[in-house]
Ligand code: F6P
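The chain that follows stands alone, in the form predicted alone, written as structure tokens.
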Amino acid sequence: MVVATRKVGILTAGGDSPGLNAAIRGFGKAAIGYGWEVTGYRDGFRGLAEDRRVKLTSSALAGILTVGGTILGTSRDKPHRMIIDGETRDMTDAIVATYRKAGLDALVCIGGGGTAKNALRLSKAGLNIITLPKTIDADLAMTDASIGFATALEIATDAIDRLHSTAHSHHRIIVAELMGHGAGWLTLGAGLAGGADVILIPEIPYAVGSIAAAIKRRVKAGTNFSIVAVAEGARSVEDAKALAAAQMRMEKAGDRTAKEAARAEYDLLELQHVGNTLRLAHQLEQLTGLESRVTILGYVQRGGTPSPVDRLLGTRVGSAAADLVKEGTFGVMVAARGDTTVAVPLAEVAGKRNLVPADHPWIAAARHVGTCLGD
């Protein structure tokens, strides 16, 4: 059944990434081409709850393809847990009211895993929702690619390339921390492409002794420097076991008091992980005798001009979303599959993560070229 949609909305949620504007433009231009009115909501779900909007015309979409970030702004606010005047409130009803008041026929939400879960809630609340995959971590399930990853990979790889010269010149260990709290795709890809000697990712808990031994072998072979690429979420074997145990206690806790206690323990372990990269560098310096320095790339990885790959991806999934709205297909994410796009039910995306499997070809390639993975 083809639905004659007249009014559509779009927002960006979660962390910013290169390629968001390409997706906004892709959807907006396709929608305008169908003769629809396009409304952009500012600052993610908060702007939707507060009915802060802007009309997206052809002129408003002009020139944004190559611009980083998002012209709509973004936030990590959740519809059902939004802080308003210092209090946490469920703003789902307010969002539904905004949607109805604007006479929207569909809403497109661009974001990652959290956005998928929030979008599913809104879909269950009766709204016609479509999401577009965005995350530089590439941890979103059911899609081959996500907006922002390709650009972040280029930036991170370039940084590792640049670190080689100073590491070599000063005979140092350079520890480069990359983004990736739960998934190691970005660190693994950039580490491989940049020729890092050690790559540490969340999926493979590391032993500091094994890393030090690998660096010592390099020194013995005549190479007195090393590049260590570490994901922000990478953990030692001991820390990974403690976190897993805390998570299990949290999941098995019976009453509310027990759940809160288990959650507090889990949060404390997460807090103690802050600064882990600095501790790792200090440990390696002590164990190897080589001077160690840390570089934390941080938000540099997801800023700036999107790569051609991300511009193309944003345009593809954005325009595909307009086609789905025209067809009346909702409650789905526009997934990238090879050179095509596929509509995947949000229920199959929300709450699931795309992690690096132990037998992935990138892992095999790293081991084949002698890269230490910390295990």
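Just count from 1 along the sequence shown to find any residue number. The model shown is predicted, which means the values in this text are computed figures rather than measured ones.
The form predicted in complex with the named molecule is left out here; the points below concern that form.
- Comment: 180-188 is the region of 180-188, 246-254, 118-126, 140-148 lying near the named molecule in the predicted complex, near meaning a non-hydrogen atom within 4.5 Å.
- With a 4.5 Å cutoff on heavy atoms, residue 197 does not count as touching the named molecule in the predicted complex; it lies far away.
- Taking non-hydrogen atoms only, residue 164 never approaches the named molecule to within 4.5 angstroms in the predicted complex.
- Using a 4.5 Å cutoff between non-hydrogen atoms, residue 136 counts as a contact of the named molecule in the predicted complex.
- In the predicted complex, the named molecule sits beyond 4.5 Å of every heavy atom of residue 293.
- Against the named molecule in the predicted complex, the set 235, 266 and 270 makes no contact: no member has a heavy atom within 4.5 Å.
- Proximity to the named molecule in the predicted complex, taken as a non-hydrogen atom within 4.5 angstroms, holds for one residue of 279, 170, 259, 76, which is 76.
- Along 273-302, residues 299, 302 each place a heavy atom within 4.5 Å of the named molecule in the predicted complex.
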